[in-house]
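Below, in structure tokens: the form predicted on its own, a single chain.
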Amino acid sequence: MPQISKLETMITAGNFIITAEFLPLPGADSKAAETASGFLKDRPAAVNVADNPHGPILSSLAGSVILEKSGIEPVYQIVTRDRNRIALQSDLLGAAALGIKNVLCLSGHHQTLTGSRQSASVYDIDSIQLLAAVKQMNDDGVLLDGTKIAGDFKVLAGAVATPDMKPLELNMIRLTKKVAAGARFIQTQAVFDLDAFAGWIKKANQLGITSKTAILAGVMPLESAAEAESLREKYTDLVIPDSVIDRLKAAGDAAAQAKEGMAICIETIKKIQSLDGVRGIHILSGGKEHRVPEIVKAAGL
């Protein structure tokens, strides 16, 4: 029988969970991934490996294997933007064969938000359908067309949620569908509007969603007001209030703004921890893996 992941064990036990993100470079050298792993070792329970969010980079599958060899439990990210159902199932089988135990199912940002705007999108199935496919592979041991899987297939499936998406009712419908399709954990987009997030998690509690899946609230250390403005202009699913940007601007020069961004991140974590229904924190480093140990220590995680 395949081994259960550390992340799944912690979810089942009801532990407060810390996960983080590793953003590979567009390179063929494994040393960069090995260097990044040094900042992530022995801290998060598991580490996501991004799947081409901004264009071609080292594949999530390869990055996951490198982290695994470094003693870090990876969360293999797989987006439906770039693959049809044949490729998706093939990659899932390959991940399981290589010992990867966790997978995060996403639709992915539209290709026009990447450096490869001319690329054709696939979207043969969406993230909810991908979750359902993983559940079928786990529970029934068969592919979508009914083909029996040779050997044991067992992965822990998770999904992403956007707390700021309106209307709240539609947001909850999508979240409910993801959980019903097999999402054992939910990692949210970065939280900056705490009042909105509090309303979102309260509604998820009322609907019983938080008792069926582990919700890990995303946090991100901003480097500057300019970065914050750029992010919210480019990504509609990332809401950064004016109050956050004004606070960064008021901090002063670049070094002071980076320090203030870290302070905002730590404050956000501590406030999120006080909310019922939150099962953990997901640190979105955006390629700044070296900041993860500082965040974990400063927040008392």
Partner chain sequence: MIVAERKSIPDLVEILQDHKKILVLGCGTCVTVCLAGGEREVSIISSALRIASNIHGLDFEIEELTIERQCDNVFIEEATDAINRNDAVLSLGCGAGVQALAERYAKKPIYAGLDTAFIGILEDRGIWAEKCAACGACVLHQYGGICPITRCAKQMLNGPCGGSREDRCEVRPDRPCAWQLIYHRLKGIGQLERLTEIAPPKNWEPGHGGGCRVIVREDHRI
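Numbering follows the first chain given and starts at 1. Worth saying up front: this structure is predicted, and the values here are computed from it rather than measured.
Just so it is clear, the following notes concern the form predicted together with the partner chain, a form of the same protein that is not shown.
Interface residue remark: L194 is not counted as part of the site for the partner chain in the model of the complex, having no heavy atom within 4.5 Å. Within this chain, K166 lines the site of the partner chain in the model of the complex, having a heavy atom no more than 4.5 Å away.
In the model of the complex, the partner chain lies within 4.5 Å of some heavy atom of T236. Interface membership of V122, defined by any non-hydrogen atom within 4.5 Å of the partner chain in the model of the complex, is confirmed. In summary, the region of this chain contacting the partner chain in the model of the complex, judged by heavy atoms within 4.5 Å and restricted to 95 to 103, 149 to 157, 168 to 176, 205 to 213, corresponds to 168 to 176. Taken together, the three residues T19, V47 and A217 all stay farther than 4.5 Å from the partner chain in the model of the complex, as judged by their closest heavy atom. Checking A225, M137, I128, I78 against the partner chain in the model of the complex, a heavy atom within 4.5 Å turns up for just one residue: I128. Heavy atoms closer than or equal to 4.5 Å to the partner chain in the model of the complex belong, across 178 to 209, to the residues A180, A181, ordered by sequence position.
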